[in-house]
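Just the one chain here, laid out as structure tokens, in the form predicted alone.
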């Protein structure tokens, strides 16, 4: 889950990472009121869950209160890469001496936490990596050991930071960002730019924070940070009902129990020449209601031509899945063909429920996938 800049900065403040003074405005009237007493110059920053705000005109410096109205009116409601601006962050202006890029990310390939920094802050790190890769320093930190003194030394040498006071400030920020990643289960925490002001203060001018969905509970008072603005209506419904769902571009709707089996199902669909329409995991419990909600989500996709159930019963019992299918047929207008693979816990009971409805089942995953793909070609 992505956090807005203002939400990320609230977390920064909790972790004693310096941020500019600022206030959030959620409508034009509120923004004008804040502007009326804000010391100029100040910065208006569109709050959207995407990058490229500056290039799109979503970040503006306001030098006088007279120009505030026009600038605020131009930013509210604008579209930035498909995201509509409904709120802005109004922050104090700073006299900037230098801009730096700094991030920590959870690197699952190396099973370490990767620190990335560059003296070319304020630019997209992908652009820097392409045009000037030597400007980027990457350090893999073993989470069993943590940040060591030589890590600081490498960062300071790379960024050419020699002032003792700046080193102390930077060291504190490094430590606190690392704590954020490890304590809050973050996939990424990024500051771009981290600025050094003319008064020799280091301040996080921006924030980008991505929370692992499995770790949201580690954030205290998470409800104040929770937002699903970056999700589709189907993904929001799935989250509300305890389902794991990812929309894809195919036409075979998949309802599977277990993430590994779901991935294998999609691979087999592709192997036999089909295209999965989604990843949807109903596993984790025996709850027929999950099946009904899963079918509701699948039916919203007009591209779906067939629904494939691939159930290997364990904790998720086959008879509960079958009962869910039975109830779904009662309450939903399902005109799509259903292909059902059912095997495992309470398999006989589940098969009997479905046979009584006139539905065929198979215990073979391969046969079920082949059948689903063949129906698309008919």
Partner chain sequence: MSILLNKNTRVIVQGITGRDGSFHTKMMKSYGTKIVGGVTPGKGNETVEGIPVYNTISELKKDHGVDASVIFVPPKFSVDAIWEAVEENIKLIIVITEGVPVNDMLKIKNYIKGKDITLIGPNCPGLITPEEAKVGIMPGNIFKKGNVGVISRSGTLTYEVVYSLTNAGFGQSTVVGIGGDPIIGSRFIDLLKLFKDDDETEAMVLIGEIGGSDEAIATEYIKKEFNKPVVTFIAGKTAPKGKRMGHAGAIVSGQEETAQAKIKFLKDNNIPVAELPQEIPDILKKII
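The shown structure was predicted, so the numbers you read here are calculated from the model rather than taken from an experiment. Throughout, rigid core stands for the largest set of C-alpha atoms superposing within 1.5 Å between the two forms. Residue numbers count along the first chain shown, from 1.
What follows is about the form predicted together with its partner chain, which we do not show.
A heavy atom within 4.5 Å of its partner chain in the predicted complex is found for one listed residue only; from 113, 194, 90, 298, this is 113. Shown without its partner, this chain lists 163, 97, 267, 79 as candidates; in the predicted complex, only 267 has a non-hydrogen atom within 4.5 angstroms of its partner chain. Note on the interface: of 115-123, 181-189, 289-297, 196-204, the segment with non-hydrogen atoms within 4.5 angstroms of its partner chain in the predicted complex is 181-189. Contact check for 244, 263 and 272: all three have a heavy atom within 4.5 Å of its partner chain in the predicted complex.
Contact check for residue 42: no non-hydrogen atom falls within 4.5 Å of its partner chain in the predicted complex. Interface residue remark: residue 53 is not counted as part of the site for its partner chain in the predicted complex, having no heavy atom within 4.5 Å.
The closest non-hydrogen atom of residue 16 lies beyond 4.5 Å of its partner chain in the predicted complex. Its partner chain in the predicted complex is not approached by residue 236, whose heavy atoms all lie more than 4.5 angstroms from it. Although its partner chain is not shown here, in the predicted complex the stretch 59-94 places no heavy atom of any residue within 4.5 Å of it. Residue 341 is among the residues whose C-alpha shifts by 2 Å or more between this form and the one not shown once the rigid core is aligned. After superposition on the rigid core, the Cα atom of residue 88 is displaced by less than 2 Å between this form and the one not shown.
Positional change of residue 252 between this form and the one not shown reaches 2 Å or more at the C-alpha, relative to the superposed core. A decrease of at least 3 Å in the separation of the C-alpha atoms of residue 84 and residue 249 is found in the predicted complex, compared with the displayed form.
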